[in-house]
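Quick heads-up: it's one chain on its own, the form predicted alone, in structure tokens.
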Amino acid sequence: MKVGIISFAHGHANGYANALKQIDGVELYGIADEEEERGRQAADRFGSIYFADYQDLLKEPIDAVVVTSENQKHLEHVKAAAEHGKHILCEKPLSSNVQDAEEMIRVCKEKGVILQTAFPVRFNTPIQHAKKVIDSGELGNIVAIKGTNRGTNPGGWFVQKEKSGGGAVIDHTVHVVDIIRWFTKAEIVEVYAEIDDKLSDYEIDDTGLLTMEFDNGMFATLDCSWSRNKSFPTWGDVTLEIVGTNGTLSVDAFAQKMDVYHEDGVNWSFWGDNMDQGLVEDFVQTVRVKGRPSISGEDGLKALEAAMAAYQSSERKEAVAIKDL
């Protein structure tokens, strides 16, 4: 199987490229990037061919592409890949706005290609164990979930709203919303959020607190802020406290680590899961068997809707129903 990557704008492109190189029978055929220096360096690093124009890559005999461009460009790149009959793994958030995400899903269905959303946290062992506990019924009915996905402000195009669609809220809400939906099979009906830019000099949201109500009566809260400073020993976290009628379960997706104490402070030494590897292997297998993606474009859309509702809620200072987006 031959796979291409469109753009190394997103840092996750490196992880996905590494993952592709580890899979038997898969060739990272080409890397397209409009920034020549970045693209050529990536192609040299991963032993691939550089393409200045992604359209030229799509004309090559490849089976699939990984789209890791800026959020605002996802629609353009996904539509082009679908037009060429290439299956697609698209970085999260699926797009910078709901309308573009809906169009991506429509085009991929029309062209008969796979569209999978890149939510690697599903392939984390603690998260998978938590799902097994929930599925077993041991916790009883899930009534509430408290989540965090706090991180470091990545800068660059992430803080340019015209390219990203927003800041911390669109960047981090989608991961945890996807996990909650996966755990509970419940859908969000309403979002209330308070959002601000408290922590940096950029004019973009870096703090956000969301409360979400679901169609099964459950509610969830989420801190999705870029609240980790440069001296913090980890880039971020994904934690969930799941409250059921029979018990409470706490899960930390990144607890597979050692804290190393030295004269410069605490160093985070991670030894655990390679979630990117799990995600990419899952996508490759789906393409091989022409199956249904485990994380669909619709899953990406549902997570994006929560973030978009949060922005509207913060602006209006009231709860926003998903159906009103």
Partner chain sequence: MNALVLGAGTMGNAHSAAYAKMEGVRLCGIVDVNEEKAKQLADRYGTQAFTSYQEAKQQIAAIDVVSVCLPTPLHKEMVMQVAEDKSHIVCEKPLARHLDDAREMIQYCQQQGVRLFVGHVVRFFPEYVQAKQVLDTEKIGQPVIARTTRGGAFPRASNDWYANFIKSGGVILDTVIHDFDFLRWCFGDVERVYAKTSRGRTAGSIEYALITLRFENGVIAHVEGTWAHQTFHTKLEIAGKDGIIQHDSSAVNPVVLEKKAQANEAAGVAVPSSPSKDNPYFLEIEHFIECIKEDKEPIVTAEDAYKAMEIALAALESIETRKPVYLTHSTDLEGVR
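As the structure is a prediction and not an experimental result, all values here were calculated from the model. Positions refer to the first chain, counted from 1.
Keep in mind the form predicted in complex with its partner chain is missing from the figure; the text below concerns it.
Comment: its partner chain is not present in this chain, but in the predicted bound form one of Q72, S200, T152, Q128 has a heavy atom within 4.5 Å of it, namely S200. Proximity to its partner chain in the predicted bound form, taken as a non-hydrogen atom within 4.5 angstroms, holds for one residue of F254, F119, Y192, F158, which is Y192. The stretch among 73-81, 172-180, 89-97, 237-245 whose residues place heavy atoms within 4.5 Å of its partner chain in the predicted bound form is 237-245. With a 4.5 Å cutoff on heavy atoms, S136 does not count as touching its partner chain in the predicted bound form; it lies far away. Among heavy atoms of D196, some come within 4.5 Å of its partner chain in the predicted bound form. Using a 4.5 angstroms limit between non-hydrogen atoms, V143 touches its partner chain in the predicted bound form. Taking the partner from the other structure, its partner chain in the predicted bound form has a heavy atom within 4.5 Å of a heavy atom of L209. Of the residues in 306-325, those that come within 4.5 Å of its partner chain in the predicted bound form through at least one heavy atom are, in sequence order, K317, E318, A319.
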